[in-house]
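As a starting point, one isolated chain is supplied in structure tokens, in the form predicted alone.
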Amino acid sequence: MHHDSPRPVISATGLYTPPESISNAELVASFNAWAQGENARNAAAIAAGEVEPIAPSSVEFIEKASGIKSRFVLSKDAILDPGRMCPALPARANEEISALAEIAVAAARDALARAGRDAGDVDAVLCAASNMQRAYPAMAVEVQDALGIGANRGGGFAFDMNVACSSATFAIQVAADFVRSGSARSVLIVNPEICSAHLNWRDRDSHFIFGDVATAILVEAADVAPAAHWDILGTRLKTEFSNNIRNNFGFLNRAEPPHEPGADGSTDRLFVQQGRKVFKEVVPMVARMIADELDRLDLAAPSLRRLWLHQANAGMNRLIAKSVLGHDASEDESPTVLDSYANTSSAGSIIAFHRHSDDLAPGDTGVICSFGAGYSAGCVTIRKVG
């Protein structure tokens, strides 16, 4: 007897937003106070032409470069302290829930509640994010334990995965494949991003880029999903190696400020990027990928109701959306959360979807697309049901 394989759908999403936010004006005041102090300290060397003075930042520069106006963070005062300029996230005992798992659980509870799903009936957790707090035990297993995932199903399983800013879309394909194969019928994806701990807040060209947040996505077999859900029409993943965005070590567990250069003088243990190269190389790659996927699914670009793009840079999103749609996208066609959340790595496109999807009607089609370090890019084409 022939059985069709289960059909994976997105049942719900969830969001955790930290209570504190930093405006561009606050960020600039902090950066400029630090820069002024450094320039005063190095006044003689600067006068002798041995050291370049640190240029001040400005609200106008940040908004023109990125479209970002503010960002949510877990440790506002420490980041804005010119003597520190990195988050103060106190070390927790091994018996306490870790910071990354805590915000993941908050987003997960939101998604589970929206789907009317008991965590005990979920089979698996994928923690898909750029900035893991530790190597092991996996953050996903800690989230599984905190929520009681699989408790009603004879136990569940969980693991971490990292494809930088594309982690969430890659995880959606993995979860969908688990459902299709029968390995799981309900998979919880969490994307906790404490990006503030990996950002060099003393680098004028990037100190404004990132914020902290957590999102969650519940991918399930259609026969157990709520009546209102999103059919996953197709997924496509792509990677190409590039050093243009790189981070050689994270600092979530390091007490002292991580700005001191290594033995080779580099600060590449924090986030570093060649922004112009990234812009030039990633925009055409992503636009082509979405166009190819629409062709494969026999969908015409004008039939797309909405694009939920990765929230890294307003200019990149404008160009990608224009290339895909054939015209300048309206805020309705390609919504932005970048202005208030900044770049939240893997969570960005999911925040955009979470905040800007309730108004779609049954039958409406859209694309969730992410892109970033790797290079990596993932897109998920979905259709509203119910």
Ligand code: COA
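Note that the structure is a prediction, hence the values are computed from the model and not measured. Residue positions are given as counts along the sequence shown, with the first one as 1.
Omitted here: the form predicted together with the ligand. The next part is about that form.
- Screening L147, I245, C86, A221 for any heavy atom within 4.5 Å of the ligand in the model of the complex leaves a single hit, I245.
- Listed residues V163, A138, M316, I232 were compared with the ligand in the model of the complex; M316 is the one with a heavy atom within 4.5 Å.
- Shown alone here, N343 lies within 4.5 Å of the ligand in the model of the complex, counting heavy atoms only.
- Remark: Q173 does not count among the residues lining the ligand in the model of the complex, judged by a heavy atom distance of 4.5 Å or less.
- When the ligand is considered in the model of the complex, R117 lies well away from it, no heavy atom lying within 4.5 Å.
- Using a 4.5 Å cutoff between non-hydrogen atoms, F271 counts as a contact of the ligand in the model of the complex.
- Figure note: of the listed segments 357-365, 36-44, 55-63, 324-332, the one touching the ligand in the model of the complex, with heavy atoms no more than 4.5 Å away, is 55-63.
- Taking a 4.5 Å heavy atom cutoff to the ligand in the model of the complex, the contacting residues in 192-215 are R204, D205, H207, F208, I209, F210.
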